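Just one chain is shown here, as structure tokens, and it is the form predicted on its own.
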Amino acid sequence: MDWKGYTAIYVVLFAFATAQAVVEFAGLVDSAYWVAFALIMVLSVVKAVGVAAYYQHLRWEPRAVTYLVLGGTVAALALTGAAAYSIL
């Protein structure tokens, strides 16, 4: 991938990070916690997949490596969900 591709991915990741900040600063966390939590988690997963696929070159790796990373991501999401549930 050339530098234009990396720049495009960076811009998309920046947009998703900005959307996460908007969700937090708009007061959605206080008024509708689970909606805000779901939005932030979806945006986080999209960002993680983008980083793993392009910056860590998993898109061009054997499928077994991709599945290993996907398993770790699912485990991290499960732990994050359990931690968020225990806060309430």
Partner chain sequence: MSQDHEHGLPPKSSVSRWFLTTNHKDIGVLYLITALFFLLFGGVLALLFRLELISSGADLLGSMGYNQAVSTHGLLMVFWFISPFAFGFANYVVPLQIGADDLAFPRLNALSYWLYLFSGILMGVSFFQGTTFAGGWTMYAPLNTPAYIPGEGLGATSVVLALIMFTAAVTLGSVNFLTTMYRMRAEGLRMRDIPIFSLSINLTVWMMLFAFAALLAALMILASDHILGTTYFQYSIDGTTMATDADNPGASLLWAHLFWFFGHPEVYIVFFPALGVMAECFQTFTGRRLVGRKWFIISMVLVALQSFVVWMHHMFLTGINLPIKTIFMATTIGISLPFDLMVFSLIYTMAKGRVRFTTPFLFSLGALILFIIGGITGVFLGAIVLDYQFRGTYWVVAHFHYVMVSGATALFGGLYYWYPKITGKMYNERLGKIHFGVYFLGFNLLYFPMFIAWETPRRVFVYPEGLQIWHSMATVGGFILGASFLIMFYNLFVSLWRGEDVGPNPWEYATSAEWAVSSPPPLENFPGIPSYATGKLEFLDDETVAERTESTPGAAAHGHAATDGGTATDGGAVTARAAVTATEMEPAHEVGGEEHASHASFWPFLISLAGFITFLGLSGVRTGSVFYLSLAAVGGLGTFGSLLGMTRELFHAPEMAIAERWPFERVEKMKLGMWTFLASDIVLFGAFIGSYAFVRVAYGWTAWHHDLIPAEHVTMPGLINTYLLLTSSFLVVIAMVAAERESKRGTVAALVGTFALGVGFLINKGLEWQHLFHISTESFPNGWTLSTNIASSTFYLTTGLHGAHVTIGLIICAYMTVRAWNGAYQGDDRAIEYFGLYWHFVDIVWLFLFPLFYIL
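Just so we're on the same page, rigid core means the largest C-alpha set that superposes within 1.5 Å between forms. Since we're looking at a predicted model, the values are computed, not measured. Numbering follows the first chain given and starts at 1.
Keep in mind that the form predicted in complex with its partner chain is not shown, yet the notes after this line are about it.
- The shortest heavy atom separation between residue 29 and its partner chain in the predicted complex is within 4.5 Å.
- Residues 55, 56, 57, 58, 60, 61, 62, 64, 65, 68, 69, 71, 72, 73, 75, 76, 78, 79, 80, 82, 83 are the ones in 53 to 83 with at least one heavy atom within 4.5 Å of its partner chain in the predicted complex, listed in sequence order.
- Annotation: Cα of residue 76 displaced by at least 2 Å between this form and the one not shown, core superposition.
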